[in-house]
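A lone chain, given as structure tokens: the form predicted on its own.
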Amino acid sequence: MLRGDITVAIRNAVMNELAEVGYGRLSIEAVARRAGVGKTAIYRRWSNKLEMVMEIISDVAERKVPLPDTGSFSGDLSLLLLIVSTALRHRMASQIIPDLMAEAARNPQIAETLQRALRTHQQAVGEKLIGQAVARGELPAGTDPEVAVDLILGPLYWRLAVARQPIEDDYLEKFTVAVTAALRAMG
């Protein structure tokens, strides 16, 4: 395997191991075995498990999520909620996210890495989605992007990642209407 291929294989192995056994039981040996490489290939890239997992999770979490621009806040919000709900229901994400959140309560480095990645994503959503809606006159000028993003993403995250409740076919539509009404009332 080429160097780049080895790194990709290791990254995929880490994500699969995290989904299957969680951070606490993840081992360098199991990652190497799954990736089809020796442990030395991993130690050439990362000095320990925490460093390896944090770099890989950061890379995944900080990927730019394509933010919608449908021409209306309602359309943008509907599409964003669809993207986020699909991501949160993905088999790997639904296993990895709760596990890493639990680990974050015990490990400040994991907590800091997750907070940094989430903050970056939330700021982008707030600036673009809310900023565009305010500029188009669809939301009041004083709409707080941080509060808006919490209102948009918090309940969806809670329902799918924490409570693990399914969403009905019309849930996202109803949620879009409720969030829009709440944000318009903030002004």
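What we label the rigid core is the largest C-alpha set whose atoms superpose within 1.5 Å from one form to the other. All residue numbers refer to positions in the sequence shown, first residue = 1. This one's a predicted model, so the numbers in the text were calculated from it and none came from an experiment.
What comes next is about the form predicted in complex with another copy of the chain, which is not displayed.
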- Task: State yes or no: in the model of the complex, is some non-hydrogen atom of Arg89 no more than 4.5 angstroms from a non-hydrogen atom of another copy of the chain?
- Result: no
- Taking heavy atoms and a 4.5 Å cut-off, does Tyr157 contact another copy of the chain in the model of the complex? yes
- Message: Can you work out whether Val8 and another copy of the chain are in contact in the model of the complex, taking contact to mean some heavy atom pair no more than 4.5 Å apart?
- Response: no
- Message: Taking another copy of the chain as it sits in the model of the complex, is Ala32 in contact with it (heavy atom to heavy atom, 4.5 Å or less)?
- Response: no
- With the partner omitted here, the residue among Ala124, Leu118, Leu50, Ala135 that in the model of the complex has a heavy atom within 4.5 Å of another copy of the chain is Leu118
- State the residue from Ser74, Ser85, Thr113, Gln95 whose non-hydrogen atoms include one within 4.5 Å of another copy of the chain in the model of the complex. Gln95
- Task: Would you mind picking out the stretch of 125-133, 141-149, 32-40, 52-60 that comes within 4.5 angstroms of another copy of the chain in the model of the complex, counting non-hydrogen atoms?
- Result: 141-149
- Using the arrangement in the model of the complex, list in sequence order the residues of 98-127 with any heavy atom within 4.5 angstroms of another copy of the chain. Pro98, Asp99, Met101, Ala102, Glu103, Ala105, Arg106, Gln115, Leu118, Arg119, Gln122
- Query: Honestly, after the rigid core fit, is Leu79 moving at least 2 Å at Cα between the shown form and the other one?
  - Reply: no
